[in-house]
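This document starts with one chain, in the form predicted on its own, laid out as C-alpha cells.
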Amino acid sequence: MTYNQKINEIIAQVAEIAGYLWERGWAERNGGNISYNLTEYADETLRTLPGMGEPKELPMAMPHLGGHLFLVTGTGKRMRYVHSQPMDNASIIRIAYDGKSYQIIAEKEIVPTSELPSHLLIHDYIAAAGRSERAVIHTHPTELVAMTHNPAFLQKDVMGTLLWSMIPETRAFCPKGLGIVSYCVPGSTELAQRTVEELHHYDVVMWEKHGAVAIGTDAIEAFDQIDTLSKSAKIYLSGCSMGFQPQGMSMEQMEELKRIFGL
C-alpha cells in the first residue's frame, strides 16, 4: 500500500538498521527484532485499515497502547531480508482499544516477533511515562553477550561502569549506563517485566547469555547506543586477548566527563 512520507522514512530507517545488525554479525539466522511506534505519524487511511484475520490475544493488557500502531519485524525473519525487503519481513499491527489484543493491518500477514510481549510492554511503559522514545531494538552483539557469561559482570553497574571507562564516548553517549537482567526464557512475560524495571534507570539492558535491548527516539539512536557499548566491549576484550587487563579511565576522569558534558 501507499504510506505517507514519514512512515516511508521510518520503514527505510528500520531497513537500514537491520542491515547494520546483520553486517556486524549480531543477527544470526532470525536473531533480533525491531519495533517502532507509528501512532503519531499515521494518517486516517492507515489507522482505519481492516484487520487481517482474527485479533490475537496478548499475554497481558497494555493499558496505555489502546489504538496504537507499530511496525514490527516478523517471527522467523532474517535481518538481512528486513534490510532488503522490509515489508515482506515485517508488518504493521494495531493494538485493540482495550489493550488486550492486536491485529495485523499491513502489508502482509507476517506474524510479529516472538519477543512481541517484551516490545509492547516496553512501549507501554514509555507511553505511560510520557517519554519520547519510539523505537525498540533487540539484537545479539557478540562481545557484550560474551561478557554476560562472567558472573562478576552481572552485578549491578559493574559491566556498565567498566564499559564507560574504556573510551570517553561511551560515558558521553550512554550516560545512563547498562542494566542487567539475569537469564529468563526468551519471549516470556517475566523477561518483559524485568526489562521494563531496568528501563526505569537505563536506556540499554543486557539479557544474560542472550542479547541487548535498547530504546531510542528513533531506530538510529537505539542502535547507536548498543554500537557504542559494543565498541567498549571490543576494546576491553582486545586488551584481555593481548594478555593484560585494560586499565580504563579512573572514576575521577569519568566524573570530569560527567561535569563537562552535563551528563
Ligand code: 13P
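All residue numbers refer to positions in the sequence shown, first residue = 1. It should be emphasised that the depicted structure is a prediction, and the values quoted were computed from it without experimental measurement.
This next part talks about the form predicted together with 1,3-dihydroxyacetonephosphate, which is not shown.
- When contacts are judged by a 4.5 Å heavy atom cut-off, T195 does not count as touching 1,3-dihydroxyacetonephosphate in the predicted bound form.
- At a distance threshold of 4.5 angstroms between non-hydrogen atoms, N89 is out of contact with 1,3-dihydroxyacetonephosphate in the predicted bound form.
- Shown alone here, H140 lies within 4.5 Å of 1,3-dihydroxyacetonephosphate in the predicted bound form, counting heavy atoms only.
- Among heavy atoms of T75, some come within 4.5 Å of 1,3-dihydroxyacetonephosphate in the predicted bound form.
- Partner contacts here mean any heavy atom within 4.5 Å of 1,3-dihydroxyacetonephosphate in the predicted bound form, and among 28-36, 221-229, 195-203, 54-62 they occur only in 28-36.
- Though 1,3-dihydroxyacetonephosphate is absent from this view, in the predicted bound form it lies within 4.5 Å of a heavy atom of just one residue from Q103, S165, T148, T113, which is T113.
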